[in-house]
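Okay, here we've got a single chain as C-alpha cells, the form predicted on its own, with questions on binding and movement later.
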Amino acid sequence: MDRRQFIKDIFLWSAGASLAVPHFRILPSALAAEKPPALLSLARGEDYAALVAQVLAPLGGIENFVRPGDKVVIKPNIGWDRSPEQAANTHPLVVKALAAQALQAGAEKVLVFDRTCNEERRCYVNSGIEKAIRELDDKRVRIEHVDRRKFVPIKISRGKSLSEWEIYKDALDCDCYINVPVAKHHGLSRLTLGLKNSMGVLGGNRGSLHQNLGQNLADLATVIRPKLTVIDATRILLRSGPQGGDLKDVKKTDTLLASADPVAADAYATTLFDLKPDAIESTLAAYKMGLGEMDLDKIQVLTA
C-alpha cells in the first residue's frame, strides 16, 4: 500500500483536480507487516480522566500513538440524543481526557466528530461531549458537525462485499485516528463496538449496510484503520440498543479497554456481555481477513 499516494489522491479528488476515485490498495503481505501485536490494556476505576491515562500506560502511553505535529481525529459515538448516564454515547469525560492527552503529546490539531443518527445539535449537546471538549479551551482542538462535502468515494480493493463507499476525508488523511466507541447492545448486530463505530465516518445510505453487516464492516476496516481503539465500558447498555433510554438497561462497570489491534479490542469487549468473540459477525469476518486477533488465548491482556 502506498498511503502517501492514497492521501494525495484524496486531496486531488477533494480539490476537484482529479476525477479518478481514490483507490485504497493493500497487499496481504503489507497487511501482515502492519498488523499490530495483540496486546490489550484493561483498567478499572471511577475517575475517568485518570482511567484514560491508566489504560494507555501499558501500551506506552499516548506518545506511542500521537507524535508532535500530528493531525489527530478522535471518533467517539455521539450518535444519539441521550445523556451520559443512558450509555448510548461515549462518556464525555473519556473523550475529553483522550483529547487532552493528544494535546499534551504535541498534536497540532485534534478533531472530534461523528455522523449522528438523531439530530446532530441535540446529540452533541445532550451527550455532554461538546461541552467537555470546549472546556479544554485550546484552539488546537475542535468538535465539529459533519460537513457532507467532505465525504470522498473510496474504492475498497480487498472488500468481499463492498467495493466502494463514501468515507469522511478527515478520518482518512489524519496522522492518527483514535476510535472511541461505547460498548453496547445492538438489535441487529448483537453488540456495537469498535468496528461498528466506523459507521460514523461513512456517507451515503448507511442503512443499506445492515444487509451482510458483519462483512461490510470488515471490508471497511481494510480502509478505516485506527492507530488506537479505546472502548468505553464505563457503563454498558445491556438491552434496547443502540439507542437505549431506560437506565434499568445500563450496567456500570467503570472499565476501559485499549489496543492497537481493533479486532482484539472488539473480541475482548464481547466478553463483558458474556458472549464469545465469534458471536459478533464483524469480529469474525475481520479476523478471517487478517485484520487482527480474536483468539482470546492469543491476546495478551495487560491489567493497568
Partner chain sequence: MSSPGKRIPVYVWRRFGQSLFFAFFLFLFIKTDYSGSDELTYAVNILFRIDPLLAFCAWLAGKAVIALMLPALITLGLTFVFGRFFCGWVCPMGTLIDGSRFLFPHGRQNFSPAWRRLKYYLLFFLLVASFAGLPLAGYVDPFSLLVRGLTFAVHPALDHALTSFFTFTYQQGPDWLNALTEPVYEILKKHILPFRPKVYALSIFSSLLLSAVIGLSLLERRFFCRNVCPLGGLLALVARFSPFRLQGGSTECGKCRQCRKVCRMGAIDEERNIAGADCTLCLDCLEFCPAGRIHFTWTGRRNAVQPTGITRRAFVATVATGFLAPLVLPSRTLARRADSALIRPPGALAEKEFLGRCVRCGECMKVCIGNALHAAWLEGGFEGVFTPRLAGRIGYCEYNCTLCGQVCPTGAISKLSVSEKHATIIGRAFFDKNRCLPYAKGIPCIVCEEHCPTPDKAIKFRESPVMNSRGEVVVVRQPYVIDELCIGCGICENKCPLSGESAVIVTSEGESRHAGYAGADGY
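Keep in mind the model is a prediction, meaning the values are calculated, not measured. Positions refer to the first chain, counted from 1.
There is another form of this protein, the form predicted together with the partner chain, and it is not shown here; the text below is about that form.
*With the partner chain left out of view, choose which of Glu46, Asp246, Asp278, Asp274 has a non-hydrogen atom within 4.5 angstroms of it in the model of the complex.*
Only one listed residue qualifies here, and that residue is Asp246.
*Among 157 to 165, 96 to 104, 228 to 236, 111 to 119, mark the stretch whose residues have heavy atoms within 4.5 Å of the partner chain in the model of the complex.*
One stretch meets the cut-off, namely 111 to 119.
*Taking 4.5 angstroms as the cut-off for heavy atoms, does Val146 touch the partner chain in the model of the complex?*
Contact with the partner chain, yes.
*Indicate whether Gln54 is a 4.5 Å heavy atom neighbour of the partner chain in the model of the complex.*
Output for Gln54 is no: heavy atoms all beyond 4.5 Å of the partner chain.
*Is there a heavy atom of Lys71 lying 4.5 Å or less from a heavy atom of the partner chain in the model of the complex?*
Lys71: no, not in contact with the partner chain in the model of the complex.
*Examine His186 and determine whether its closest non-hydrogen atom to the partner chain in the model of the complex is within 4.5 angstroms.*
Yes - in the model of the complex, heavy atoms of His186 and the partner chain come within 4.5 Å of each other.
*Quick check: do Asp81, Arg142 and Lys169 each get a heavy atom within 4.5 Å of the partner chain in the model of the complex?*
All of them do, each having a heavy atom within 4.5 Å of the partner.
*asked:* With the partner chain taken in the model of the complex, which residues across 203 to 224 come within 4.5 angstroms through any non-hydrogen atom?
replied: The stretch touches the partner through Asn205, Gly207, Ser208, His210, Gln211.
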